[in-house]
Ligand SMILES: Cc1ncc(COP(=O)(O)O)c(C=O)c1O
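The chain below stands alone and is given as C-alpha cells, in the form predicted alone.
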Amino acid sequence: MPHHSKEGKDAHPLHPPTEVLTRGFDPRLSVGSARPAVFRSSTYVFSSPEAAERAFDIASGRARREEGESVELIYSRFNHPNAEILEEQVVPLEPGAASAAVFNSGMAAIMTAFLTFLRPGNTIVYTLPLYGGTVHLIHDLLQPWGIQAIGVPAGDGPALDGAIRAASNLGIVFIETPANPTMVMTDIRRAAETAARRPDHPLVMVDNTFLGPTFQHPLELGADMVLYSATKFLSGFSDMLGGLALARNPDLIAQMRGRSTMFGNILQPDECWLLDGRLPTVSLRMNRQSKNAQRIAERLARHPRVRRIHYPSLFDDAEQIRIRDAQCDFPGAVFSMELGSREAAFAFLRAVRLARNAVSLGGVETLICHPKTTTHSGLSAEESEAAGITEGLVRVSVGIEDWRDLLADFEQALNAIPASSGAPEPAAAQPR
C-alpha cells in the first residue's frame, strides 16, 4: 500500500499553506516519521493477485481509479511513494487544480503533454517568444511528425484569437506568460474563452514557471493545464531538475501518466523527496525575490546606461497593464535589461561580482545571462527579431540576497560599460 492517505476532504477546508504540509502523507504508514522518508525501491510487493490485477488495469488505462481508492504500487517507472506524496501535496499550491503529475524535468513535462494530446494532422498555436527548448521541441519534433505549428506574438490578443479560430484540427493552445525573456504578458482568460468556442475544444496549456504558483493562477482563468519547470522557483536552490503538470480535470493527468510510463520520465524518489520538502517555502521565497526584483528594477530603470527594463511593474502599454492587473498578484523575480549592444551586455556580465553569469532562474541566488547567445540562441534571426530578443538584452533572475547589495553590484557593473560600446556615459549617481 502506498505510504500516503487519500482521505475525503475535511469538514473545515484547509488553507494551502496548511494543506501542503498535511495532505497526502500518513505518518502511520511510514513508521511514524513526521515527514516523508525516501523510498528507493524499484518494485513493490502486492498484497494479493487481485490487487496486482487492479493495479495493472488502472496503470494501463483499462480501468479508472474509484474515488478514494488506494491502488497498490507496481514499479517505480510507473509510480512510487515519493511521487505520490509530492503529487498530492503540490495540488493545493495551484488554485483550481485537482490532480498533478511529476516528471524528471520541465521539458519532460512539456514533451509528455504535447505527445499525449497531439496527433499527426493536429495544429498547435503558441505564443512567442518561448523558452528555447520548447521552440526546439516544436520545430524539431512536432513539425517533422506532422503537426502544424502557428506562432503568435505574445500579448497580441487579436492575433491569438484569429489563430485559434482559423487553425485546422487545433489540439493545443500553448501560452508562456510572462514571455521568456521579454516579460510580455498574454491574456489567459481571453485565449481560454476563444478556444472554448471551438467545437473541437482544444486544450489551453500555460507554462506558469515565471510567476506561479504564487503570483499567477491560470486554471482559475480558464486554462486546462499548467506546466512547470520545477527546477526553478518550486525547487529554488539550483540543485535539481524537475517538472510538473497540474490540471482541473484529473483525466488529463491520468492520460499523461500513461505516456510517462512509456517514456520512463518520472522524477526519481530522492528528487521527489527534496522537492516535496521545499513546497512549504515556495511562497516565502517568491515573495522575497519579487520584492527584491521590483526594488532593483525600478531603480535601474533610471540608470543612463539602461535603455529599457522589461518588468511588469514598469509596463507602459495600456493593454499590458490591463493584463497584468487582471491576472497577476505581484510582478515576480525576473526582469530583462536592454543595454543597446552585445558589447555593452558582455561588458556588464563580465563586471558583475555578486550575481552569477548562468542560465536558469528561480534560485535563491541571483543569476544573469545573455539570452541571444544562450537560452534562445537556437532561434532564427527572424524569430529573434519578432520576439524582441536583441543583442543587448540581459535577463536577471533575482534571489533572496539583500537587494541593496545587488543594486550596488549592478550599478558598478553598468558604470563599467565602456563608452565605445555605444552606451551613454553615466551621469551623477542616481538617487535610491
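Just so it is clear, the model here is predicted, and its values are computed rather than measured. We number the residues from 1 along the sequence you see.
Form predicted in complex with the named molecule: not shown, discussed below.
J.: Thinking of the named molecule in the predicted complex, which stretch from 315-323, 345-353, 297-305, 225-233 has heavy atoms inside 4.5 Å of it?
T.: Only one stretch qualifies here: 225-233.
J.: Out of Pro213, Gly106, Pro331, Pro81, which one falls within 4.5 Å of the named molecule in the predicted complex, going by heavy atoms?
T.: For this set of options, the contacting one is Gly106.
J.: Given that the named molecule is left out here, which of Asp187, Glu94, Glu176, Asp276 has a heavy atom within 4.5 Å of it in the predicted complex?
T.: Here the answer is residue option Glu176.
J.: Decide if the three candidate residues Ser238, Gly362 and Val396 all line the named molecule in the predicted complex, where lining means a heavy atom within 4.5 Å.
T.: No, the candidate spot makes no contact with the named molecule.
J.: Any chance Glu271 has a heavy atom within 4.5 Å of the named molecule in the predicted complex?
T.: Contact check for Glu271: no, nothing within 4.5 Å of the named molecule in the predicted complex.
J.: Heavy atom to heavy atom, is Gly242 within 4.5 Å of the named molecule in the predicted complex?
T.: Yes.
J.: Should Glu87 be counted as a contact of the named molecule in the predicted complex, where contact means heavy atoms within 4.5 Å?
T.: Glu87: no, not in contact with the named molecule in the predicted complex.
J.: Evaluate Phe117 for contact with the named molecule in the predicted complex, applying a 4.5 angstroms cut-off between non-hydrogen atoms, and reply yes or no.
T.: Result no; Phe117 lies far from the named molecule in the predicted complex.
J.: Within 43-81, which residues have a heavy atom closer than or equal to 4.5 Å from the named molecule in the predicted complex?
T.: Going through 43-81 in order - heavy atoms within 4.5 Å of the named molecule in the predicted complex - there are no hits.
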